[in-house]
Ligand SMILES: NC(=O)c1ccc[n+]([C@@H]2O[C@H](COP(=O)([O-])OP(=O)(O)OC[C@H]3O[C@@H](n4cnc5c(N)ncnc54)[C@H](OP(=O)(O)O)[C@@H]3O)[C@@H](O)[C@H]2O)c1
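Presented as structure tokens, the chain that follows is alone, the form predicted alone.
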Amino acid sequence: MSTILVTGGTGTLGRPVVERLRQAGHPVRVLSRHPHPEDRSAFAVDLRRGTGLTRALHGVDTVVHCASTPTGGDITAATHLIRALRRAEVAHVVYISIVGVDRIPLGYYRTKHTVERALEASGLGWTVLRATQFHDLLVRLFQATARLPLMPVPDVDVQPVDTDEVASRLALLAQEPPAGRVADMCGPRVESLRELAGVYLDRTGTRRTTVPVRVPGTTFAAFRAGHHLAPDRAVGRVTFAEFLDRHPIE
């Protein structure tokens, strides 16, 4: 079985990717800046500085790149990773991106698109999967806005997808040859963010009045135009309501 390394392997998406690859019988390595000393599959790596990559990549066949942060540093991390992948002659890198990164002028989306283009030009075997927003992201958004007496909700539609379903797709792609950009993966429904906020409030027993917020600017104009949606790629099965039923929030 091929040896597969997962960056961000302890995160929301990376953890289930690791689980599925191990269930399939693959030796899996996980990158972490502070790995547990007794975990032989975890390697101490700082992607932003590029330290530890040579040892971690020795003997690796495929890398699934899930590590990412909206606070910045993804381009530097990807630069270090691509250089190290070339030196280690890794055959395949799988990257998770976001639907609409080439059409929505949000800084984080532009960064993801830049990483996509860097992989395309790298000379490596690569696969890119774009997905819509995860249910987990909406929960974090609603948890933050529900703290206010009136709950502000951006006046946009979303098409959230289940993290576990995306993880399963990434794990399959990692076990196949490089495929370039594959078909987008999106949730089963396009729904207004305000409707989903109502579902969240109902499931958590929280009493709040939602207030639609129409944010000005080109970024939210692109969201309102639906550039982050792909109704023709509604391959996910788990709805936001079903996700909350499976993962009750205290």
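Everything numeric in this text was worked out from a predicted model, so none of it was measured. In this text, residue numbers run from 1 along the sequence as written.
The form predicted together with this ligand is left out here; the points below concern that form.
Among residues of the shown chain, residue 48 is one whose heavy atoms approach this ligand to within 4.5 Å in the predicted bound form. Taking the partner from the other structure, this ligand in the predicted bound form has no heavy atom within 4.5 Å of any heavy atom of residue 214. At the 4.5 Å threshold, heavy atoms of residue 219 stay clear of this ligand in the predicted bound form, well away from it. Contact annotation: residue 63 falls outside 4.5 Å of this ligand in the predicted bound form, judged by heavy atom distances.
This chain is displayed alone, yet in the predicted bound form one of 58, 34, 224, 40 has a heavy atom within 4.5 Å of this ligand; that residue is 34.
Taking a 4.5 Å heavy atom cutoff to this ligand in the predicted bound form, the contact residue among 121, 75, 144, 137 is 137. From the list 126-134, 147-155, 86-94, 174-182, the contact stretch for this ligand in the predicted bound form under a 4.5 Å heavy atom rule is 126-134. For the stretch 63-95, the set of residues having any non-hydrogen atom within 4.5 angstroms of this ligand in the predicted bound form comprises 66, 67, 68, 69, in sequence order.
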